[in-house]
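Form predicted alone, single chain, as structure tokens, below.
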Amino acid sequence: MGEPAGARPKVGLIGWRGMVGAVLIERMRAEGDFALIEPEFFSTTQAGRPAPDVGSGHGTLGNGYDLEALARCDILVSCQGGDYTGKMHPQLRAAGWDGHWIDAASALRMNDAAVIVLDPVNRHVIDAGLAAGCRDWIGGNCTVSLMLMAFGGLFRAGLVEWMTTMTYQAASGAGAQQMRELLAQMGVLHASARGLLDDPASAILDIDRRARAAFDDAMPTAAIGQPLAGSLLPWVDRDLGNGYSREEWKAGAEGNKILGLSGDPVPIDGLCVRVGAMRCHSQAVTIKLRRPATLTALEQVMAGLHPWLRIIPNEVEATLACLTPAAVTGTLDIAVGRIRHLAMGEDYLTAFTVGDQLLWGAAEPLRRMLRILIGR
């Protein structure tokens, strides 16, 4: 990075109070990252107030719109969102700042000059970017990152001819307010039938009628837009006008860029669905293999990519105990199970995977990219 030997790089952090930012700070504390840097916290709304104490005493929050203060940092890490990136990143570059920009937002992901970072999967792409002088390091879409953490080994081995992925995305993927509203919706459903639930002799169809009525009469939907508790929403992100949601487009576009295959892309496609889980995204995939392979061989290839992958036996007890959002929430585990060939032949594979999208789908790739840049 060009600092004198022993110097700690100055790292500015913006957007650290939001959901992804808070998880990032939590992980940086846990891994001792703050001892390796000179941190400075910025805020777009609370400049001048005390900054969080990360081991070196309380400082003062800088102004997240102060170009001169931001430009004094060697590295900036932003979890503030795409609007902030769109406003501040070009101004900093135009002013001559040549530091490293690490970002959770999608605004710069598909820029030719940016690398989407997921180092257990694409360290070779990151290293090529470093050698080429890249300065923009962007976290990928949470669902795409989790999919590649699960099946990136098959792509690296050249085994994937095409893939479909059907997602089951948690409320937290939409934001903190959606998580709160999902819980409120759950409460409304319970309250609508509480008296009948307390009576063991009550008829289930009466309970069902009360719950169905609550969807129309009492369900809060300001954040989510529709009832999600007791339901699901088979559309995530905005309409691209061609039958695709933007979330569905990201699978192929971002997935191939992460893998370094944009020049010769592998078709990756499917549908994205929001479900009533609080945290962790799940996906069911179908993979057309380039050649037949045994399940044992495929599992070995998947498990060899990184140490966080957990192969779950395709058995009832193991699946229900280990292959759920409840089982992996708050962990770095990427669980993959229900692995079997399809009836079409041994060159067709199906599997199910689940991972915490606030970790490997958001915060952890940023934290690890920071470590790569500071060389520790």
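Small disclaimer: the values here were computed from a predicted structure and weren't measured. Residue numbers run from 1 along the displayed sequence.
Keep in mind that the form predicted together with L-homoserine (HSE) is not shown, yet the notes after this line are about it.
Visitor: Just one of 142, 76, 224, 138 has a heavy atom within 4.5 angstroms of L-homoserine (HSE) in the model of the complex, so which one?
Guide: By the 4.5 Å criterion, the partner-contacting residue is 142.
Visitor: Which pick from 165, 185, 169, 122 sits with a heavy atom within 4.5 Å of L-homoserine (HSE) in the model of the complex?
Guide: None of the others qualify; the residue that does is 169.
Visitor: Among 151-159, 283-291, 129-137, 171-179, mark the stretch whose residues have heavy atoms within 4.5 Å of L-homoserine (HSE) in the model of the complex.
Guide: After filtering at 4.5 Å, what remains is 171-179.
Visitor: Considering only heavy atoms, tell me if residue 236 and L-homoserine (HSE) come within 4.5 Å of each other in the model of the complex.
Guide: Residue 236: yes, in contact with L-homoserine (HSE) in the model of the complex.
Visitor: Please run the contact check for residue 353 against L-homoserine (HSE) in the model of the complex: heavy atoms, 4.5 angstroms, yes or no?
Guide: Because no heavy atom of residue 353 falls inside 4.5 Å of L-homoserine (HSE) in the model of the complex, the answer is no.
Visitor: Does at least one non-hydrogen atom of residue 248 fall within 4.5 angstroms of L-homoserine (HSE) in the model of the complex?
Guide: It does not: once L-homoserine (HSE) is placed as it appears in the model of the complex, residue 248 has no heavy atom within 4.5 Å of it.
Visitor: If you apply a 4.5 angstroms heavy atom cut-off, which residues in 339-362 are near L-homoserine (HSE) in the model of the complex?
Guide: Heavy-atom contacts to L-homoserine (HSE) in the model of the complex: only 357.
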